[in-house]
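In structure tokens, the next block holds one chain alone, the form predicted on its own.
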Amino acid sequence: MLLPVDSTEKLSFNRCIMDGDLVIVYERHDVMKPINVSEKGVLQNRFGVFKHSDWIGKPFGSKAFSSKGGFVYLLAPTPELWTLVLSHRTQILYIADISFVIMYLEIVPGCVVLESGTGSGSLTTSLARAVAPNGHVYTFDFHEQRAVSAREDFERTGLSSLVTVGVRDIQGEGFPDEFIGRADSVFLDLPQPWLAIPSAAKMLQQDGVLCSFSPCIEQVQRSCETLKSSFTDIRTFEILLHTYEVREGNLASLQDSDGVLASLKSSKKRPRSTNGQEDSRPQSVMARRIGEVRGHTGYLTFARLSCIG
């Protein structure tokens, strides 16, 4: 499972892998896969053949070797790793957005959170960890098959006691009346979120917080107009994630394909060459942007239920 849900257990994976456990098999930083361990199971990849029976009894984080001498790492299935390996039924939120959402929604253990729509369940998984062990996430999707697939994922990851999946058109019907005044937080990921905002306002407890995720600024503008009737402290953010490589080198070697270079001038020196003579090229500790920049995925709008009236 992704995390212990027994209130007597600490959120820790300091235990050994058992038959039936979900394990994230790490081949390299961009190649990972979720595997349910079984006594007779076998994993075959470019590193060789791995018997699941050899994994049982090893601590999470162990290096497992194949018959050919190749190896993989057996990682505990945290929500962060699950986000990277889950099946994409829809566009998902990634770690930068998810962490921002959980903090600004002020989600803590014991909270009741309403979500629409469920999609691939990336955010839902992290919400479940945030409310554990005594809170609950009620998530809704209008698409029945997506809801069924999400429910199966939560059962597989051991989160069923923390997450309830419903099939409902929240834009057209609103949230069920049974949640009126019960929710600490509401998250909306809908094409027309402004249609669900009046219902969300009824669900929230006094001073509760709503977040709406939208890919287009026009959706944000319309949502903000609707929010003004019942909410205050309305704010919209765009999260951009840049990855940098920091290492020692000279200017020429550290320029990227566009000639763009960012410098962190922490030190400069002339390193010695292999023959003991100083290299004439000055060296600096430099930083350059690498990989694909995670650019715009959408806008996050937060608002707090007004206490007036």
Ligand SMILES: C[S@@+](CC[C@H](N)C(=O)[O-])C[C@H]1O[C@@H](n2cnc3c(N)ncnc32)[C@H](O)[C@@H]1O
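Numbering starts at 1 and runs along the sequence shown. Keep in mind that what you see is a predicted model, and the values were worked out from it rather than measured.
A second form of this protein, the form predicted in complex with this ligand, is not displayed here; the remarks below concern that form.
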### Message
Whether residue 91 contacts this ligand in the predicted bound form should be assessed with a 4.5 Å heavy atom distance threshold; does it?
### Response
yes
### Exercise: residue 140 in contact with this ligand in the predicted bound form, heavy atom 4.5 Å
yes
### Message
Can you tell me if residue 189 lies within 4.5 angstroms of this ligand in the predicted bound form, counting non-hydrogen atoms only?
### Response
yes
### Message
Can you tell me whether residue 117 touches this ligand? I mean in the predicted bound form, with a 4.5 angstroms heavy atom cut-off.
### Response
yes
### Query
Counting only non-hydrogen atoms, which stretch in 227 to 235, 105 to 113, 166 to 174, 130 to 138 is within 4.5 Å of this ligand in the predicted bound form?
166 to 174
### Query
Though this ligand is not shown, can you say which of 157, 122, 214, 199 has a heavy atom within 4.5 Å of it in the predicted bound form?
122
